[in-house]
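Starting off, we have a lone chain in the form predicted on its own, written out as structure tokens.
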Amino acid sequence: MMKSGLWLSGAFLLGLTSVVAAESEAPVIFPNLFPFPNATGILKTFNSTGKLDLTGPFFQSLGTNGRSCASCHQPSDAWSVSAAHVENRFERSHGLDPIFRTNDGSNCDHSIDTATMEGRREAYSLLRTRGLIRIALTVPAGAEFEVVSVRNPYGCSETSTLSMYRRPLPSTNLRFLSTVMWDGRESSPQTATKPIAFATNPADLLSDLAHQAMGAALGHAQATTAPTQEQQKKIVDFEMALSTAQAIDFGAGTLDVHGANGGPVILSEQPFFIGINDPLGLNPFKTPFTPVVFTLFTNHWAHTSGHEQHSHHPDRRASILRGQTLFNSHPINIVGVGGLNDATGLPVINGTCGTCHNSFNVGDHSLGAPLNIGIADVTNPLGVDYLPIITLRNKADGTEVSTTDPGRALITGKWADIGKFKGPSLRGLAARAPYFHNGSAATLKDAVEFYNIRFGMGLTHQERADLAAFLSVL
């Protein structure tokens, strides 16, 4: 089911009729808080305009290859795109849906076969199985490093322009952003965009999002002319009006009743400013940091009685509440994190999840703080053998390092920025698997396991399940 690159999953729950986006030009409008089911519950989006209008430039093909913003930013997938839905789109369209284009949807853009179904299946394998888009980035002039070699299993082994494979970030909950894009390239002086700061927000964010919309049209959609300023503004206005979160959990029930503060409506009212709850003392109001980042669920919610208690599994609510407590309080010895340990001069930081995911009830960082926690390392315990191995050499001392993605270093050219990425928002996670910039975590349990191994958290099997349960209802 497609309209200007929009694809919507078929049958919805709660007795709703299947939604068909007809190919006519008739308006397509969803009511506010329209329910989209996923594996663990139902996702909803609250639009401050009161409705979800699918007729604006966000949903229009502004380029030459049939894509729109919605091709990779689906309302059902928390305004990102899940690998499962990409695979479904491939089968339904025989690999011809607009998302399957060789400029960035295929593993490489040369020496590939897209004339046959099986050829397309192989050419778009990373997009189908991991939801990854190929981003071609050149090594900055004057970089502190040089590329020694690229071992890319799909071709595209050039050393001047590197093929990076990354997940589309959500285009919702954007007012909480402290940087735009995984590597911050849309909030960087190197790309003539504006770093996001307390004094200049939200004008800086709006400017960066407009620039990102223009770049996406020219690049991803292969437009021959940039979208007009009016079109850019309408895209940004549409995105900024969206608040998205899991609203119902199949085990725990509705997430904003009986004292709970889940769901998108309450999220839309969440206070935020750049630097809020920063752990390094950079809060502009000098308010002390607290590790108690999430306060969505309370003991009262977990112990409701009567019909509501019997309608759902009380164990599920108890697990979610335990997971929230773990997020807020379980100690983590933070070691070897580029951008944190080296920046503070502290070889060990006694932290919690909230040290890096510090924005209240959102979970991203309230200041631009790209970090290297090892997601791009060739030794990532989740396994990244589906990605290229890029070897870089420091021009000053000859040191070499291998990585699957240099991250922010491809924007700044700095050796210290290799492997650094921003931490994304944690809301709407259940709808947009897989996780991390490279899709290395297929499930939330895998994501939790990465942290458990990487930081030696010592989580028990039950604690890992509780933390994953909590993340699934954000």
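Small disclaimer: the values here were computed from a predicted structure and weren't measured. One rule holds for the numbers: they count along the sequence shown, beginning at 1.
Missing here is the form predicted in complex with heme C; even so, the following discussion is about that form.
Heme C in the model of the complex is not approached by T45, whose heavy atoms all lie more than 4.5 angstroms from it. Contact annotation for S68: at least one heavy atom lies within 4.5 Å of heme C in the model of the complex. Contact check for K422: a heavy atom falls within 4.5 Å of heme C in the model of the complex. Heme C is not shown here, but in the model of the complex it comes within 4.5 Å of a heavy atom of Y435. Taking the partner from elsewhere, every residue among C72, I332 and L467 has a non-hydrogen atom within 4.5 angstroms of heme C in the model of the complex. Proximity to heme C in the model of the complex, taken as heavy atoms within 4.5 Å, picks out 206 to 214 from the listed stretches 154 to 162, 268 to 276, 206 to 214, 243 to 251. A heavy atom within 4.5 Å of heme C in the model of the complex is found for one listed residue only; from F297, W182, F145, Y124, this is W182. Between the options C108, A84, V150, C353, the residue in contact with heme C in the model of the complex by a heavy atom within 4.5 angstroms is C353. Contact residues in stretch 163 to 177 (any heavy atom within 4.5 Å of heme C, taken in the model of the complex) are R166, R167, P168, L169, P170, S171, L174, L177.
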